[in-house]
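Consider the single chain below, provided in structure tokens and representing the form predicted on its own.
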Amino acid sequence: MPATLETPLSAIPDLPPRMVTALAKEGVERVGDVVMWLPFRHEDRARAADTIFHPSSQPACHQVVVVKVGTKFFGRRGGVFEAQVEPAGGSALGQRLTLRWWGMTYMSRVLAEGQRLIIYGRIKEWNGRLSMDHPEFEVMEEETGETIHTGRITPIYRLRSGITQKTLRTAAWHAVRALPDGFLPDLLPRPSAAGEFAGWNRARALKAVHFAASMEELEKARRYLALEEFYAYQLRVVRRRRAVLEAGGLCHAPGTLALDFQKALPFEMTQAQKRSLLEIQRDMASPAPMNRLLHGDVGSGKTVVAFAAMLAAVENGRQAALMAPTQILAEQHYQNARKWLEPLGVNVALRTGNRAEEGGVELFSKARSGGRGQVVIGTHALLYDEDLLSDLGIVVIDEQHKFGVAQRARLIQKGRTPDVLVMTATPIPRTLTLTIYGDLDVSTLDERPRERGKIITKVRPASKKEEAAAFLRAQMEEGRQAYLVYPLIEESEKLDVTAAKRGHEEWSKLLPHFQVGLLHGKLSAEEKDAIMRDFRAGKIDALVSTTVIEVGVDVPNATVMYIHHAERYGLAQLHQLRGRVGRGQHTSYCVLFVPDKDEEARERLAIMEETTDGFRISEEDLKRRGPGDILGKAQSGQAPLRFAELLADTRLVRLARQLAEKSLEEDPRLLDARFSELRAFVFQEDSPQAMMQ
């Protein structure tokens, strides 16, 4: 009778009982536990090397014959088992290779003279002898000629204590062979007979992921399973988008305020800003609620576009709210909004953790009242204020990735299906945009305002501080200002403050004739606000700071940024920090200090010297750091995608979206009916049992 995923491993023919026992001790007892324990990489051991042994840093596969075995003992230190082998096809050079297993004298009961083996490992040379330590090996069976561990595309698994690669690989080999071709139902619609995946199904792909006949077959299996993963995501995205559209929204037809606003600006908006604003206004004028992402590089002018969009809601008698991730940024937005919008007759209010203000008047008093802000700007404190927000027409969320899913949802729920605009200064590659924001329309700001200056970036050793100080003094003598950034250490915020304080002391001595300020997260909101006001006003020449200045702080006269311990930051965060300079007309400079001998850091950060293109940097950062939990509540780290490669599988994302649209059109309740099955496959936990739930 064919096996199923529920079949006990003890019932699988040819699987050694000792392996069944070892797996059972770790809770791996069913065929499904093994089949869904997927390899995390593969090694191509299919091509055996030639008949000559060569020392190499790369592992190689060889067919050999054992010609001599023996054990050497070293007293209490144990011993080493050695097997001398020759190429199975013979060697004109008469070469021998010594296989060694340190501390594993029991190997004398495993290997014997005359056996034919396939071995896999690195050959090294020592005192004229060639050796290979602890190689992977397999005794060749004469009757079948089949191998599991060598001589093929070999799966490599992440292990838990008590289970070895050989044990798990052997169990997977026998389990896969015992399963029939259709042992799993398909998640995807049946592929077309002439398409890329003709003849493929979920069962075949899973079998091939464990034991593919070739690297080409393995890649085809990966792509099929990647398409399944994207399909599962897109089903959720498409249904969520349809639910928003069906809910109906508020029509916010643009009037004259946005035009008056643009005319009053001291600069002309870029073509990218005008195009994005038109896309947003078109959405707001429709009966369906807007759900749009505005993304672009640092300094590309998202805030101006957002203010212009918010005026459409104001003209239609509703409130507009903008939520920023920090008090510094919220207060900066508030000051800009007052400067630009109050002359147009728009009432602007502020709400942060310890401050509420409307039209420049403090509201925290016993006789709090009064007015109702037409444009309300604040931090997450907006979520808990029942007085300022009463009839939201549009919600703008700045640096949306800084907020959790629940926080964004709570603010949106304060309105009657308001229009939603989310913004980020972290440029998002096209592929990731399709995947993460498939339920959002996307507007892209791919131009910098013409009045912005050039930014020159250099990676320098930390020992060059004296030269850096001399350059900084020259810049400040010309009237410029600087940021001196120290890293935020999450494990101990106290350490971060100490580092910044020490930096403040050092720079105060290096810049004796200039005013050096200190800004960090331990200061009160009033202290931080006062320091930033002094810095903007030019009363502070150099500001020693932690990453609290990462997002949105706008001081056009600041043209120098020194980032200490730059190796501790991700590329995208460095680009965000660098965006605090280059906001005026003068050429700006960003210096990334790394440890003197840290060549790895210099190599990783080289792209920061090459380009100021945030899209390119974002793509590189995505490769290195992962995109985060893109549909859940986690904000960083690797996404729960087992097979998909976000940067390589753009076409699969589009195909998955088309399939999801078609599937939900045919059966709107498909996701409800198959959610458990989809989650079990796509959102797997680490344990085999959780994978099958």
Ligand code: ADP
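Residue numbers here begin at 1 and follow the sequence given. Just so you know, these numbers come straight off a predicted model, no measurement behind them.
Same protein, other form: the form predicted in complex with this ligand, not shown, and the subject of what follows.
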Proximity of W340 to this ligand in the predicted bound form, heavy atoms at 4.5 Å: yes
Heavy atom of S300 within 4.5 Å of this ligand in the predicted bound form: yes
Contact label in the predicted bound form: A601 to this ligand, heavy atom within 4.5 Å: no
Touches this ligand in the predicted bound form: H134 (any heavy atom, 4.5 Å): no
Interface segment, criterion being heavy atoms within 4.5 Å of this ligand in the predicted bound form, picked from 601-609, 453-461, 111-119, 266-274: 266-274
Listed residue (G79, P449, G521, G538) with a non-hydrogen atom within 4.5 angstroms of this ligand in the predicted bound form: P449
Interface residue in the predicted bound form among R223, R583, K528, R480, criterion: non-hydrogen atom within 4.5 angstroms of this ligand: R583
